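Listed next as structure tokens is one chain, alone, in the form predicted alone.
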Amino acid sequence: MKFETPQTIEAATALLAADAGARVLAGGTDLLVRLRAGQIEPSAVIDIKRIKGMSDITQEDGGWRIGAAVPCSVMGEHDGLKAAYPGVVEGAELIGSTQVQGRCTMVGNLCNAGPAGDSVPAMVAAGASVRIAGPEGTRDVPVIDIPLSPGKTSLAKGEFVTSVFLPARPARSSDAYLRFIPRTEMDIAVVGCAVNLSLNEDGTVKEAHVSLGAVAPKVLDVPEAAAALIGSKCEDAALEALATAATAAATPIDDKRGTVAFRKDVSGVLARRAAKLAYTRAMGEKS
């Protein structure tokens, strides 16, 4: 197995295009575990951390660009990013243990294409996009279009994600991410929910986005749930309609970690709680 450390995006894409068995290394918390377990046998590992910009968090067009190799712990220490997108940072900081968070990345979590990835629902609710580099150049793609099914992404041969972009948002906007797990720490979400809200001057919801994780083959965008909040101040009636829509949208499976009925019910419960938290934050109140 080869270990490559390209210095440029072009060099990395050339290596990936020339070797179908090559894998990208950003944080490595998924890749190395699977390699040690014998689940994968890559012909080459392409470490992208030495490429300029891969480890940077920068402001861009009023939003934030996060390099593919930025550890989740670094996101949690970035005051500007936390203030703008607390829900996105919450999701990132729930991946693994404290030690894992020092290495793991949102992009790795996304490209692992697991339905229960904690960082993905909040990115989807935020309307985030990723920049993809490949042999034909770069392209920007909505985060929701990257995972196709468990373990499978829409990335073509020779392509890799270089960064995540969180768009600019108006004043009186915020988000939240919540999940249910059987244990108190270091577990995989049985259900995850993210809510992103923007408010009018009078406190009514102007724009809303709701997403669910771990209840379908990939993260779900739930426009029916978001619509239930528009024009409201997240009163009980609106939250009940939101919960009903979230429950209806969830299409989970039965397994040892939860039944279909349980996961559908929890989808509604978490949607209510996440919406209330996002609304409180958007109003400028302490959460």
Partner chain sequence: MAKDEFTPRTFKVVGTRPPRPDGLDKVTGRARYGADMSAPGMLIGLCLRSPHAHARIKSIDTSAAEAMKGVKAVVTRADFTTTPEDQGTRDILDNVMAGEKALYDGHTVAAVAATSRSVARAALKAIKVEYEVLPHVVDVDEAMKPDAPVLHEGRQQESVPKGYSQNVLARSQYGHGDIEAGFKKADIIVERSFTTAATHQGYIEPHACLATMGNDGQGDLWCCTQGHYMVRNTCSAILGMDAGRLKVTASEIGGGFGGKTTVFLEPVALMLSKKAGKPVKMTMSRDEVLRASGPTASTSIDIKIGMTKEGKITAAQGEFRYQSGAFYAMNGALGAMCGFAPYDLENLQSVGWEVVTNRPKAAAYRAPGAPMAAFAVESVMDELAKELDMDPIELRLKNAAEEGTKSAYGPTYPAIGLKATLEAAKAHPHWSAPLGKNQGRGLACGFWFNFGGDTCVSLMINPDGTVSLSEGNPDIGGSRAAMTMMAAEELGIPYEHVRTVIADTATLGQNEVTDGSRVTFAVGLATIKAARHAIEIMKTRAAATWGIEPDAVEWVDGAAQPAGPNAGKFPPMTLKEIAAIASNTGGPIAGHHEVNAEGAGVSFGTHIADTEVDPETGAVKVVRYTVFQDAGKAVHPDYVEGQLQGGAVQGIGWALNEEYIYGKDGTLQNAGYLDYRIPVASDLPMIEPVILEIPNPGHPYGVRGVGETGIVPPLATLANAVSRAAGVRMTSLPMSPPKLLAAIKAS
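Numbering follows the first chain given and starts at 1. Being a predicted model, the structure only gives us computed values, none of them experimental.
The protein also exists as the form predicted together with its partner chain; that form is not presented, and the subsequent description refers to it.
Only one segment in the set 214-222, 59-67, 231-239, 37-45 has any non-hydrogen atom within 4.5 angstroms of its partner chain in the model of the complex, and it is 37-45. Although the partner is absent here, F165 sits far enough away that none of its heavy atoms falls within 4.5 Å of its partner chain in the model of the complex. Under a 4.5 angstroms non-hydrogen atom cutoff, its partner chain in the model of the complex lacks R50 among its neighbouring residues. Using a 4.5 angstroms limit between non-hydrogen atoms, T259 touches its partner chain in the model of the complex. Within 4.5 Å of some heavy atom of its partner chain in the model of the complex lies at least one heavy atom of D265. None of V141, V100, I188, L148 but one reaches within 4.5 angstroms of its partner chain in the model of the complex through a heavy atom, and that residue is I188.
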